[in-house]
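The chain below stands alone and is given in C-alpha cells; this is the form predicted on its own.
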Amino acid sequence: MENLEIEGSHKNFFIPTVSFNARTGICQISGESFLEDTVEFYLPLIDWVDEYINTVKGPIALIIKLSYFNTSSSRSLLDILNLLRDYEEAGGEVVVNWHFDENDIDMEEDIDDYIIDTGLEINKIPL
C-alpha cells in the first residue's frame, strides 16, 4: 500500500496538506480546507483509509490540525471519522487527535459535535 501525500495550497481555494503513512498508520490533515470540489478532493482520502483498515488492519492515528474547514469539508471529515468508528467497533486500534486554537470556540464546538455524531473518542488538543 502506498502513502498518500498532498501538498497544501492557498491559491483560488484552500487545499489542506495531507500525509497518510501506510507503514505507521499515522494520518495527518492540516491547514485549511475550503475547496471547490470537496468530494473529489476527499474521496482518495476516504478510499485510502478504507483500504488501510481492510488490508493493513493495523493501528491508525488520525491527526487533524485544521484551522478552518467549510461545510462541505465537514461532511467528508465525518465520512472519515465514521470509517474509523466502524473499524474501532470491529476491534481495530484507533486514535484521533484534533489540534485547535484554544480561542476558537466554534472549532471546539465542531469537534464536540463530531464526538457526539460518531461516538469516537477524539482527543481535543488546544494550541
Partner chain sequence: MDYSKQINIVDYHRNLDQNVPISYKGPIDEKILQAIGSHIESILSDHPKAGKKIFKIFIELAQNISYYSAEKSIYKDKKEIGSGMVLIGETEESYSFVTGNLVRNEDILSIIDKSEIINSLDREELREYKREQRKLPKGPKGGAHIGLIMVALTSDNPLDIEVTPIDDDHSFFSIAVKIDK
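Values in this document were obtained by computation on a predicted structure and should not be read as measured data. Numbering follows the first chain given and starts at 1.
Another form, the form predicted in complex with the partner chain, is not on view; read the next lines as being about it.
Only one of 61 to 69, 47 to 55, 89 to 97, 22 to 30 lies within 4.5 Å of the partner chain in the predicted complex by heavy atoms, and it is 61 to 69. Among residues of the shown chain, L35 is one whose heavy atoms approach the partner chain to within 4.5 Å in the predicted complex. Residues D104, I105, D106, E109, D110, D112, D113, Y114, I116, D117 are the members of 104 to 127 with a non-hydrogen atom no more than 4.5 angstroms from the partner chain in the predicted complex.
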